[in-house]
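Single chain ahead, by itself, as structure tokens, in the form predicted alone.
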Amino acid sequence: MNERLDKILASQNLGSRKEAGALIRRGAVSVNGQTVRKPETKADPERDEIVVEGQRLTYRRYVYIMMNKPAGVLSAANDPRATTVVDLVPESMRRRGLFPAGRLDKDTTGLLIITDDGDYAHRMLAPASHVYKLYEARLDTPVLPGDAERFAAGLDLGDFTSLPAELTLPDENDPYVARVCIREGKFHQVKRMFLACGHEVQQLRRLRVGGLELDPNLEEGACRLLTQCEAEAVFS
């Protein structure tokens, strides 16, 4: 699809439209080997070879970012009074319109996907997609016999009854740590499910969304770009 060259560059975090236009006018941009000096020149970013200051442009229509969310940060695009997850995205990955696909509570850590692709986020969050999320919780009291059965049957949380969920102990020698796999994402849901069984969650971390696992090498607060295959793994 042909678009204005200045718009293409601006969409790839190469400055504002005005700054991209200045780059083009001074001859720093070529398309298919030909120097271009008019910002309004049309190009197909997915087919044409665009070179900016000697570097070939790797075009991404949308970006998909994995973040290892730290505690104390809001899952929001912006907030005038608090730090948000989008505030933590490095300048090199910044794009207009970035937002978290789904949310984690302020004190919850772990896997969060940030994108500018609204259709992708809608598909990921839609109940019909059945995208499961895996959480690991540290509790104030040990998991009890029968808790797994209660999770599997669905828990009455007052305003709604949770769908069946899988509760496991990753380390049978530590009954204070449990993992739960759910396909809903209602407000404080995991914490409320444990509380319904008499346990208070002290720490909560998300480890997986669909088939996408949190990169173990990603430190809290850090993020990296996902490949297209990794982004689609959410739905596998």
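Numbers follow the displayed sequence, beginning with 1. Since we're looking at a predicted model, the values are computed, not measured.
Here the subject shifts to the form predicted together with ligand URA, a form of this protein not shown in this document.
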(request) Mind telling me which stretch in 188 to 196, 45 to 53, 171 to 179, 30 to 38 gets its heavy atoms within 4.5 Å of ligand URA in the predicted complex? (result) 188 to 196
(message) Quick check on this chain: which one of 104, 165, 113, 131 has a heavy atom within 4.5 Å of ligand URA in the predicted complex?
(response) 104
(request) Quick one: from 204, 209, 63, 66, grab the residue that has a heavy atom within 4.5 Å of ligand URA in the predicted complex. (result) 204
(request) Could you list which residues of 136 to 159 come within 4.5 Å of ligand URA in the predicted complex, counting heavy atoms only? (result) none
